[in-house]
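Given as structure tokens, the chain that follows is alone and in the form predicted alone.
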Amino acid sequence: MLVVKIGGGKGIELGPVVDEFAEIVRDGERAVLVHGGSHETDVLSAALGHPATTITSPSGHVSRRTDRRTLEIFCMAYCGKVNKQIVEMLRARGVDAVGLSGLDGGIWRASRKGAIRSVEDGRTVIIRDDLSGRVESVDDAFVRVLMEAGKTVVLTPPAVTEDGVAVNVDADRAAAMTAAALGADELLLLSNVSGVLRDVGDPGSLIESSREGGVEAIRAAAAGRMKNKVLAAEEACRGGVSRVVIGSAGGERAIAAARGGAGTVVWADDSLEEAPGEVAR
């Protein structure tokens, strides 16, 4: 079982990685695709006159500020444009794909943040009306039913709370929960970066594996949104996934490259302790 998460950042070309994913499925491997859509959401938000804003937690985790209007635009981009584009591409390549959000059928059940601490202009403020949260459970039985029927599942945020409210969740961490719930052997977190860099200004400073200096070294080097990817990798490994690769979605054979170790590899036996500090959506 393989779970591949394709990021939604600027500059990611879906075609080659979707081509490769389709090839893997046609060869008979069980695989689930999870995707983001952050850049498309930013573009659409600006076009609709509701520009995107972010929240930075005291520990440095960055997330999207999600009011009701932002959530509506978010769903247009994630569930509408990007999800259906990927499904169309897969079906054109002979894959019987079905695209769903975590909201559909309650696939991703989440807890909503009651209050979020955000650092703004050097001050910590409390935000209480944000529609964001964290995936707490996955209806893996439903996903397995679809897979057993020959469908290839393509998942995207949002998730849903127990009282039926749609919430924005981090797609990397949702992919990690999905991989753990499905008993995946491997999770690939592919985006527009090559992995975790010791120095973000130096592409040659890639940390290749948690076996170089432990997860602590990777955690310490991660900045901005990369913090969420590292956190997702640790959560997947603690959930039973053997290894997670944080790598690039670029190139003709991005999936093969990541499976071959290109990027930052986090091994399960290096990720048994809980990450310290505050966890942000």
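Only a predicted model underlies this, so the values are computations on that prediction, with no experimental measurement involved. From 1 onward, residues are counted along the sequence shown.
Just so you know, the form predicted in complex with another copy of the chain exists too; it's not on screen, but the next bit is about it.
- This chain appears without its partner; in the predicted complex, the one residue of 136, 104, 185, 140 with a heavy atom within 4.5 Å of another copy of the chain is 104.
- This chain is displayed alone, yet in the predicted complex one of 97, 193, 207, 181 has a heavy atom within 4.5 Å of another copy of the chain; that residue is 97.
- Segments offered: 116-124, 193-201, 207-215, 164-172. Contacting another copy of the chain in the predicted complex at heavy atom distances within 4.5 Å is 164-172.
- Taking the partner from the other structure, another copy of the chain in the predicted complex has no heavy atom within 4.5 Å of any heavy atom of residue 129.
- Using a 4.5 angstroms threshold between heavy atoms, residue 44 counts as touching another copy of the chain in the predicted complex.
- In the predicted complex, another copy of the chain sits within 4.5 Å of a heavy atom of residue 68.
- Interface residue remark: residue 155 is not counted as part of the site for another copy of the chain in the predicted complex, having no heavy atom within 4.5 Å.
- Each of 84, 92 and 145 comes within 4.5 Å of another copy of the chain in the predicted complex, counting any heavy atom.
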